[in-house]
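In the form predicted alone, a lone chain appears below as structure tokens.
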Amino acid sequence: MNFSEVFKQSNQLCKVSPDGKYLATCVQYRLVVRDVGTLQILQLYTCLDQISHMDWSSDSLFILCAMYKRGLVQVWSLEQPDWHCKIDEGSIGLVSSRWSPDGRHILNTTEFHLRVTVWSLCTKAVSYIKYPKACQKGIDFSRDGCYMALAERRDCKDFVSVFVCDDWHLLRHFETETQDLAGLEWSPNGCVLAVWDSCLEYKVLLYSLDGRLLSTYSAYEWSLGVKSVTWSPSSQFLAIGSYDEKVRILNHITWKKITQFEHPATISNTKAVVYKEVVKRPAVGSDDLSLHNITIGTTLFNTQSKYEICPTPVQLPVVKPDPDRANPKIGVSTVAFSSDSRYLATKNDNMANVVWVWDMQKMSLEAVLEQTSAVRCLQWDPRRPRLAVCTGNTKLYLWSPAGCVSVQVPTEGGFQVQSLNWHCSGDSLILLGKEQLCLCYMDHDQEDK
């Protein structure tokens, strides 16, 4: 495993192009595009203000930079650096900006969610979509890029509109059986649209492309409900994380629950492997404590850590949430499938230091990772069953069916990993600190050992 030098970035705005060739990073009002292989700067663009959001077009030819405070979007071309586009939403404001799947239209959501404006880069035509709903996930495109589902709110009722992305004509418009729709997501095969209610009512609805209600699922009533919803890449499973600290798995044939995964404070399952991170502080001699050696962020006081396998039963640390505060830290907020749909990783918010890995073939607990700090981010390798985890310290953690490893990020100045992203090839990871980033390159010889 090798690491690159450290580069600057702002607001965690750093993305690899969809074709995997380029790395775009934002530094205040500048956009820097590098070659992923050499990390040499290929293009440098200057925006009109500090960049709030950045995104690649699907064909990796254009980059969108949004400046929400000024209601501006600037688009840059990689092939023609002199070409640029500026979209000014004016006094109506801007809260969200994104590409359409064809990479030639930009969808801007205005302040107060008054409308979605669709701008064409080719014809300069403008279309308006009224009544978009302000919710967690109100817009989703099908995987093939043909359809867009949009959550709407009008006359105190929830609706979903399905648009054809070629010319933005309305294909279907139907009312949903929700009190307060919180999000929607297409299945990866584009056949089913999952819609879920706010946390106040446990309800998940499954609709066909033509707006027919295929099934309704509700696990319980009169308690906080759905917290996270994720499709498996195979479209066979729909995983629902709930405030009752359980994940329920629905199957794609009958849409009934086939199993549920619980997150108990005591693990007594003898078949699950429990990895506990153990910290070892290096011994420091008096000679090392001279002022010459002590600098801010020095590696002198860096802690070493490793995983130990604990025999069951194991007691996990649990934090009791404050019931008087909004958004209590309880329930399953993170649910993520591996690329082959074989494994499922979950995080239960009142056990913030723990990652759970489930085997979807055996429908059982495979492994538990107990960290010394709260888990900030976890993400599966897009090519193989390998999970990367970070906890806001100077280490990177990797799990695979073969085992678990803790890796010290060898950079000066105490680089603390706040977030991470895999390269689409699975050969490298982008590690993001508060104002820096570095790349971690996987060793091909050891990845299958």
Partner chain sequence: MRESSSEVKDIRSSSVECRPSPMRQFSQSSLPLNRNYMLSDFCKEHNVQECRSHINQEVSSLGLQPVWTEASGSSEMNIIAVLNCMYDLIQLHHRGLRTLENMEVEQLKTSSNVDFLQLNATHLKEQLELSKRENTGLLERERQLQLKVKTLQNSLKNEKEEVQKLQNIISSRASQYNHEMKRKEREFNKLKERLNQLLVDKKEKKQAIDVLNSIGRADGKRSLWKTVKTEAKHEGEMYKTLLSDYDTRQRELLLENAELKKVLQQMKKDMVSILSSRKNALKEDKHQDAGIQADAEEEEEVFDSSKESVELYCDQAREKLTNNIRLQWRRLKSHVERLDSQASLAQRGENKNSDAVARETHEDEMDGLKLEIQQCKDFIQTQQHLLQQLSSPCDEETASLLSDCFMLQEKERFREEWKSLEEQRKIFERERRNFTEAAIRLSHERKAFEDDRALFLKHQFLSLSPFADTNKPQMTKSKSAFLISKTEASAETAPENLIKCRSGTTSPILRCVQLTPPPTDDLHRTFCLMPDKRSTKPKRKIDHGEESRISLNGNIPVQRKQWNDSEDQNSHSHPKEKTSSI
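Residue numbers count along the first chain shown, from 1. None of the values given here were measured: they were computed from a predicted structure.
We do not show the form predicted together with its partner chain, though everything after this point is about it.
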| item | value |
| --- | --- |
| Contact residue in the predicted complex, chosen from K271, R325, H169, K280 - any heavy atom within 4.5 Å of its partner chain | H169 |
| Residue among V314, L209, V319, L224 with a heavy atom within 4.5 Å of its partner chain in the predicted complex | L209 |
| Exercise: K130 in contact with its partner chain in the predicted complex, heavy atom 4.5 Å | yes |
| R98, heavy atom within 4.5 angstroms of its partner chain in the predicted complex | no |
| Close approach of S91 to its partner chain in the predicted complex, 4.5 Å, heavy atom | yes |
| Contact test in the predicted complex: S198 vs its partner chain, heavy atoms, 4.5 Å | no |
| All of F62, L114 and L121 with a heavy atom within 4.5 Å of its partner chain in the predicted complex | yes |
| Candidate stretches 347-355, 361-369, 334-342, 245-253 - the one whose heavy atoms come within 4.5 Å of its partner chain in the predicted complex | 245-253 |
| Residues of stretch 80-105 in contact with its partner chain in the predicted complex (4.5 Å, non-hydrogen atom) | D82, W83, H84, C85, K86, I87, D88, E89, G90, S91, I92, D102, R104 |
